[in-house]
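Shown here is one chain on its own, the form predicted alone, set out as structure tokens.
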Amino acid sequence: MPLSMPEEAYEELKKAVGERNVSIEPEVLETYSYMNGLAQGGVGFHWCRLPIGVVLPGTTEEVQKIVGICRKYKLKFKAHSSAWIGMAMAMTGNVIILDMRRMDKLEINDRDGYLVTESFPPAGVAQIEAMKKGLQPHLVGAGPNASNLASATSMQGTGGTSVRTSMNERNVLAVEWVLPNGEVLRLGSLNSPGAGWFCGDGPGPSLRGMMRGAVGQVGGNGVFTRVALKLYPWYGPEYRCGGEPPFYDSEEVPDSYLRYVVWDSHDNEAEALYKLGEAEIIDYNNRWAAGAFTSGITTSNQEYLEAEAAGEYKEKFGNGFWTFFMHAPSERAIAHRIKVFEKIIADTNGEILDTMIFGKRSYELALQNAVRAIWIAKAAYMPTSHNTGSMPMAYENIDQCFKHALPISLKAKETYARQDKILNEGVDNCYVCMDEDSHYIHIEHACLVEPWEPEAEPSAVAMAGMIEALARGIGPIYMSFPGSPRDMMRYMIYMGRIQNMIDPDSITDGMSAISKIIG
């Protein structure tokens, strides 16, 4: 049976945020316990723990009051922005969910090239506003619906634009963070009176790594209310499109170049990535394969099944393909980039394909990924609507990912796809993107599954890859590798120690509890 909120706590919350911004109604609470999104397919369920209440704070001061009430009545709290992942819901009992949608302020500082965002504004909104001033933020792989603040402070921050705009956790300048004890911690230059939001390190040591470790605490170490993020050049004009979703009649971006590329082997693919990173010419990069392409280019499950049966996309993209986008301030600059790009692809036995290869939809898919990161999540969930993963998933150098991590996940996925325990949409459906023009990449392997089907084993494929990775000394989920088990857990060990320091009463919900035990 779910626990209930003490009446005194409920009355105090109403005074803190206003009666219309707090609810304990069963019908409302149920809507905050269902998650048909990331992580749910792998564990085989949709309904999460029922929270005992939902509160919508509108200011940092109101967040402080809510945290104080939770401490007083020994309740737990969890904040979320767009609730894109299962861990955004309550994971234990006695949890109050802070829905941050009222904290929706966004400011673009075009003089110094940064934005300040509260918890809720979607990344796509920030992008459009920044483009008007010749700038752009990083867009994470979750898409334009996701919160920039969440990816920067509490979750993974990588995506296709990371090659040029870095990862959001590395774009963080100043932060406003309500700790579990109710105090407000201000990081970066914000900690110096009158200094503003412009600098990530400010005077003294940087504490930005403390708030997230390797990939974030997913709302488990307090509430982040505002963050400043670095912006990057957009050579304009503002991106425009018309038409009807899910496809749009997009206008071509001036002085740009957009192509698909395929290679005949993973070794050549890896060699090309090293050279492209060193050339510093790419603005967007994303690898996926035939299954994801089929998902993205079709509009219904029936259309997907017909395209899958035809096999046209597998014929071209069966071994995986990349989308590359380059954007420059002048015709001369883009001409130079194209010349370098084409030579690298030729030298590594790659094949450059026009994005119109399968018609206008094919072009739209490429362009909207490159500019808006809008199709990736769709490809991860259609046609089953559930996504698990074939381990290991990693942030590492190109050789580690392609020559060590990827073969393990390919083997695991092939085994379970052959047995019809996951959808056989093509064994190689590995998502990869390159970060910061470097030798460092993010890699994960999506598997589509319907957990309620009798033969489905949504967790088994992940466990198979995880076990083999650990046996080879490779971190299975964004951990250091190779190394001992303790080396792999290094980030979590340190985060556990920090968690024990900032939340001695354990009033935060979720991943923080695991960290505290390990730390």
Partner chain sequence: MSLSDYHYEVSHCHRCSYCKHMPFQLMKSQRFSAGCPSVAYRNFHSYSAGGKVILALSILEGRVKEYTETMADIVFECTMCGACQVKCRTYNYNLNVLEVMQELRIHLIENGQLIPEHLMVIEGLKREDNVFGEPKADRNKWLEGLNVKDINNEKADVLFHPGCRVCYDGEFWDNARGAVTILQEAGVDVGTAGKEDSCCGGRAYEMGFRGELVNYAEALASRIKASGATKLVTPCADCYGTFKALFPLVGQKLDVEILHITEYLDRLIKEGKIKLENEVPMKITYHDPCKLGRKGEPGILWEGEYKRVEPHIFAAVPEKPIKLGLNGCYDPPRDVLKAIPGVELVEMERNRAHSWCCGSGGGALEAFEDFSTWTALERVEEAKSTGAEAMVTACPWCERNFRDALEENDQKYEVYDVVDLVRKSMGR
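Numbering follows the first chain given and starts at 1. Here the structure is a predicted model, which means the values were calculated and not measured.
Not pictured, yet referred to below: the form predicted together with its partner chain.
This chain appears without its partner; in the predicted bound form, the one residue of K360, K343, K72, K132 with a heavy atom within 4.5 Å of its partner chain is K132. The contact with its partner chain in the predicted bound form, taken as any heavy atom within 4.5 Å, belongs to R102 out of H266, K411, R102, R186. The candidate spot formed by R259, S459 and M488 lies out of contact with its partner chain in the predicted bound form, as no residue has a heavy atom within 4.5 Å of it. Of the candidate stretches 389 to 397, 178 to 186, 352 to 360, 116 to 124, only 116 to 124 has residues whose heavy atoms lie within 4.5 Å of its partner chain in the predicted bound form. A residue is said to contact a partner when one of its heavy atoms sits within 4.5 Å of a partner heavy atom; V22 meets this definition for its partner chain in the predicted bound form.
Residue contact check for F77: none of its heavy atoms lie within 4.5 Å of its partner chain in the predicted bound form. With a 4.5 Å cutoff on heavy atoms, T323 does not count as touching its partner chain in the predicted bound form; it lies far away.
In the predicted bound form, its partner chain sits within 4.5 Å of a heavy atom belonging to S33. For the stretch 228 to 244, the set of residues having any non-hydrogen atom within 4.5 angstroms of its partner chain in the predicted bound form comprises Y239, R240, C241, G242, E244, in sequence order.
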